[in-house]
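Single chain ahead, by itself, as structure tokens, in the form predicted alone.
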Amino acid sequence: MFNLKSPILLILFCGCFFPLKSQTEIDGLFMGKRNICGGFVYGQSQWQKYWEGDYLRTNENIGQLKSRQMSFMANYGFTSKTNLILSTSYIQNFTTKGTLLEQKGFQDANLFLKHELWAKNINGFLTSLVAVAGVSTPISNYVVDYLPLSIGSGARTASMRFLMDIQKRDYFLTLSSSYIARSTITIDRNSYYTDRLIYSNQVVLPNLWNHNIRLGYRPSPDNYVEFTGEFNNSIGGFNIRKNDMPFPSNEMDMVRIGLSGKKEIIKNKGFSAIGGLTQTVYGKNVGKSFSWYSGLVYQYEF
């Protein structure tokens, strides 16, 4: 048995992704012109079983992997159709058994530019098409070749998302897809094995597809509840070898379902509470994780 220690390195394996639900890059909502929204979210994720390739198994050397995450975000409305979103997270990963040391620290800085390309009322269905361009970069010198305890992939990324939001009265459907390109990373060894022996400290990470579906009740941007589905697919990679540790360039696919919502706390005062939970129901080379999160956001108009 190996001493194995899944927002990606893949945070997919830790399962510690807690989205900030307040006009984010994966919804059809926008901040108004010259409005700014800031907030924080605390979340936890844990798993005991993980997929080694397609095989769902446990590992008594690590017991249960647990992750705690505090995320911070800010969203500014240049106009009612163009928003700038900035976020980062502090993550702590640890296991309940074994001798592997916990990993913790600030992960990556994420910047998204979100723009409404088109909007129209079609027979009572308010329909909009949105484009979101994003970049991210590590903001601390965390260890990347220590899965599943690593807090991030260590890669710089660039992404492009297209999103369609449809609302009829108080009910809505949001569909989106994103392509995420990732840079090569450097690990602290001079050779490694994937499906062959490679004499290098440079690792090429597979790029990713991310697809989202959200369906729910939304009487206002500050009050809604939604069911969510998320599908992550690596474009390439390879399976974890039997009884081996995971590796940054593994193929990591997963399907997650969840429930989330937002509630205005004090009417017309700008404070709202957010929260949600997710469960990984299928995966490949990822943990079968359960996650929950809650937080507070505040909106201010200049």
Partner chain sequence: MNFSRFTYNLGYFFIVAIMSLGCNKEINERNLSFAPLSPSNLDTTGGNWLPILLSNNEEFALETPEPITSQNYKLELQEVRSIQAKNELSELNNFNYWSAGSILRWNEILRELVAKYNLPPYENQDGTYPIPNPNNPLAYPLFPFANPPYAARAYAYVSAAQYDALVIAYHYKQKFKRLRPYQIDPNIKLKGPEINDFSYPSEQAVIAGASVAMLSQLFPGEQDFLQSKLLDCINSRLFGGYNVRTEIEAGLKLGKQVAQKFINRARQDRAGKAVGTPSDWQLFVTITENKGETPWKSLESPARPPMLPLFGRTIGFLIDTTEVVNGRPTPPPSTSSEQFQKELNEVLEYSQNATRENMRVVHFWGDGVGTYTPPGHWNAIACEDFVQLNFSEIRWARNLALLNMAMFDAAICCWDAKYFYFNPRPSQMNPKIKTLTGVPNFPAYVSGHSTFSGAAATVLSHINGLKSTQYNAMAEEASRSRLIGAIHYRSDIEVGMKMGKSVGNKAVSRAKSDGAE
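This structure is a prediction, so every number in the text was calculated from the model and none was measured. Positions refer to the first chain, counted from 1.
One more form of this protein should be noted, the form predicted in complex with its partner chain, which is absent from this view; the next part is about it.
Legend entry - 4.5 Å heavy atom contact, Ser177 and its partner chain in the predicted complex: Looking in the predicted complex, residue contacts with its partner chain do not include Ser177, since no heavy atom lies within 4.5 Å.
Inset, instruction - Considering only heavy atoms, tell me if Lys168 and its partner chain come within 4.5 Å of each other in the predicted complex. - result: Lys168: no, not in contact with its partner chain in the predicted complex.
Inset, instruction - Answer yes if any heavy atom of Lys269 is within 4.5 Å of a heavy atom of its partner chain in the predicted complex; otherwise answer no. - result: No - in the predicted complex, heavy atoms of Lys269 and its partner chain never come within 4.5 Å of each other.
Legend entry - Interface membership of Asn61, its partner chain in the predicted complex, 4.5 Å heavy atom rule: Close contact exists here: in the predicted complex, Asn61 approaches its partner chain to within 4.5 Å, heavy atoms only.
Legend entry - Residue stretch of 220 to 228, 181 to 189, 67 to 75, 121 to 129 approaching its partner chain in the predicted complex, non-hydrogen atom distance within 4.5 Å: Of the options, only 181 to 189 has residues within 4.5 Å of the partner.
Legend entry - One residue of Ile139, Met164, Ala158, Leu86 in contact with its partner chain, assessed in the predicted complex (non-hydrogen atom, 4.5 angstroms): Of Ile139, Met164, Ala158, Leu86, the residue with a heavy atom within 4.5 Å of its partner chain in the predicted complex is Ala158.
Inset, instruction - Verify the flagged residues His115, Ala133 and Asn243 against its partner chain in the predicted complex: is each one within 4.5 Å by a non-hydrogen atom? - result: All of them do, each having a heavy atom within 4.5 Å of the partner.
Inset, instruction - Heavy atoms within 4.5 Å of its partner chain in the predicted complex is the criterion; list the residues of 94 to 125 that meet it. - result: Stretch hits, in order: Gly98, Thr99, Leu100, Leu101, Gln103, Leu111, Leu113, His115.
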